[in-house]
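This document starts with two versions of one protein chain, written out as structure tokens and named structure 1 and structure 2.
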Structure 1
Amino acid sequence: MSVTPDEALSVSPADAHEISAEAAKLSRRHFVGKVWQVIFASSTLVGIVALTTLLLNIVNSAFGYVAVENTVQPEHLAINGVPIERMPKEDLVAVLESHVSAGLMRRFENEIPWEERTREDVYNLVLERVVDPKPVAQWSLYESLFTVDAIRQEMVERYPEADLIFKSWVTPSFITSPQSSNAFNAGVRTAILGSLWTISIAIIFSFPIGVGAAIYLQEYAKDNLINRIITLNINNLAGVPSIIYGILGLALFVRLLGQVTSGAIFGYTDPMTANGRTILSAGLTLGLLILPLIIINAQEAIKAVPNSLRQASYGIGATRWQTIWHHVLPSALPGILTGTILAISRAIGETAPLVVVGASTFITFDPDGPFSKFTTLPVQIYQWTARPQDVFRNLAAGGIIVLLLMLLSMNAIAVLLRNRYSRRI
């Protein structure tokens, strides 16, 4: 049978069917692929959306209208028609005297005698203690921006006595005022100082030991059973939930070493701290917590130092420690510092272990040393969040903004340090 060239080139109907089926299948496969690509891509959006929502949610609570009601209206305090704004100091003292308890007056007197106080000072006391403005209702930033009318309506109906003011819960005075039971005057000063103290102790404790352990494991340790156990152990410690460290800190530092951590054996006998729930205990607990992180990060940094550098140093007869101190560590330093700052950022945000170790729920005085009672910023945020009154949520939001700013500046420092040290070579 002869076949024309045309026929030879053409495809049989059966084949054609198969090919077009395959083409259809291919386009379906491509379609499925496209759909999934969209799914994959949008899952990455979850992260972005989550972060944005988180931040917006905080900002939303940190600013907004507040209805403020005075405990005593200032007009009622006028003496002979002279309002408190224009009163002389003596009259202001008299106003105070008639509105606060004698005990409180004595305390004011003890702090600074009346003769030495300025008029301004006494005036502020009157505002704070007598007029004593208190928030009675507050609105989120969103509500404050978009539902002003409804807010005014509500003001008229429910809080006729109150003033409506727009309040930013993060202000300079929020950062510099101590804790207070009146949400209006409360600040995070005590908590920030507490955070700084505990973090400092944690660093002083864990940085030398952590870097020391990393040096030992990278530069000295032979590959034997003990050292393998140590390495394995460090990796596991890094995965232990932080609250476990809190329990350890409670048993070890607060209870077992209570004499040391309360400062009793150093002759420091403040009955307030005798139970060992001090800055020192908290700092050491955080120190234990970040130790594995510092070790692991420092190990990575030391591992990254090229061997040729060590050989160069050994080759001219330097000792092991000279080699480490003068060559390995300087090269590893940016990495070690970055890792340490990461660990510190973690410690700054830690809450649970400190609650367990015994952070105070309410202190208004600045910590004055390692044997003070303490609270820290995240603990403060936690306690405010856990309050039933809504107004403390606003304070918590303010505290969160301060905390996030602290973390942000920590990381900025890390970047700066890294740049500076890597440029010096």
Structure 2
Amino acid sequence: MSVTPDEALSVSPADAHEISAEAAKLSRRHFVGKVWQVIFASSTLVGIVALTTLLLNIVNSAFGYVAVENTVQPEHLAINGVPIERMPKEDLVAVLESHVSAGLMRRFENEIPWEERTREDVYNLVLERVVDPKPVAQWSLYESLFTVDAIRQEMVERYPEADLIFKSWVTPSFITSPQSSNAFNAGVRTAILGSLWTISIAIIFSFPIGVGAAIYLQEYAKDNLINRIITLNINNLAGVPSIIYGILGLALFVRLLGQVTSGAIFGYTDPMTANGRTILSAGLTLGLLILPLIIINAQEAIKAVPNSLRQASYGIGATRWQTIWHHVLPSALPGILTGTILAISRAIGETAPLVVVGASTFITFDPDGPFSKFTTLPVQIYQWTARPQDVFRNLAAGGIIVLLLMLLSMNAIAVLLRNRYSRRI
């Protein structure tokens, strides 16, 4: 029986209704997909705008004009017509001795003998202790760029004796100088060293323990009630507020193990750290803080390794440990390092647990080991923002920029290591 072309193309009413319904569903799915695409794009845009606003606000506070008044004008310190800029070191020492107390001169001598100090070092002491420039007013970068005339008029009316300078609060001297009560001389060197010490101890403590725990839970532990409870609690610990870890560190590392964390058990006697409030206590506390994150991320990275790789290793006679060490861990290492990067990013910005453990808000000497008193960049930034003088807000903005650069540098090193191991696989 032959079928004409018209009969072949004809569609029954039921089929036409079904085709129409499917077309409507398809159109509705496309519409819903476009709506969600707009929502996702909008959320990304909002995040970019918020981050850009934050960065612009930080940069706006880290640069700008500053009105500076000197306690003693430099030209008044000239000897026989020679300004302090061209004085030899011996004359600079004499200027310093005639303007500061004998006790302060003895302290300088005890820190570094005058014979060992350079002329530049003595000149900086004269500027800091005698000239003593103090900012009396400051303007943001936006104001400095677009309201220069108004700033100069305000200088004439309110600060006729002050000098107007354009100040960058992020400079090499800012990074290499210790903390100071004078905003012009304050730096973050001590805080940077403290952050590096605490982060290093935290990684040394938490990385091997975290990866070892992840290997056990994923490769050795049986699926029973006890191990499920352990896994559940590890997941819960990742969301515990950091202040709780600070209280735990205070009870465990400062009070219970104070003889160890103060170094007394090893013969290290320092009355300033005899109570256990040291870098070691801070590093171990941060190690506990990031330990659940490292375990969870390492466990997920190990879980992502295909079982076929394990079976192939078993098939050629390898033991379970040989399979884990030579095949599973190398394959999971990029993911493990990614989780470690995230953990470091969280630890380096923590303040609350370190304040509880005993971080100093004002310290002028560098840490020389794990049993030293310490401060960190986040604690230093917090201390500056709490000061009543507005100029310390500019210092805080400079400290935030240094902290971000430090974090990006550490993350870049970790990413390079991760990519290097990824290419080897």
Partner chain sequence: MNLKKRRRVGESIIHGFLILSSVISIFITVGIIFELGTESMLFFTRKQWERTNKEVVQNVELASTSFFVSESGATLRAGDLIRLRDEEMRVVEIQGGLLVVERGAEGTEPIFHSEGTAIEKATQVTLLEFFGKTEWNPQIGRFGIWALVNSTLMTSLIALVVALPIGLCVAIFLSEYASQRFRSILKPILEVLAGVPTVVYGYFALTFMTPLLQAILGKNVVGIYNTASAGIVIGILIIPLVSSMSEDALSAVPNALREAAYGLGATKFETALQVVVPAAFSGIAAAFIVATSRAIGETMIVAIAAGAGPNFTFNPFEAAETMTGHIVRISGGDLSYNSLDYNSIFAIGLLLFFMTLILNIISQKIVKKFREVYQ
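For clarity, a rigid core is taken as the largest C-alpha set superposing within 1.5 Å between two forms. Bear in mind that the values here come from a model prediction, so they are computed numbers and not experimental data. Please note that residue numbering is based on structure 1, beginning with 1 at the start of its sequence.
Taken from the form predicted in complex with the partner chain is structure 1; the remaining one is not. After superposition on the rigid core, the Cα atom of residue 204 is displaced by less than 2 Å between structure 1 and structure 2. Core-superposed comparison between structure 1 and structure 2: the CA of residue 27 exceeds or equals a 2 Å shift.
In a rigid-core overlay of the protein, residue 117 has its C-alpha displaced by at least 2 Å between structure 1 and structure 2.
Once the rigid core is matched between structure 1 and structure 2, the CA atom of residue 91 is found 2.7 Å away.
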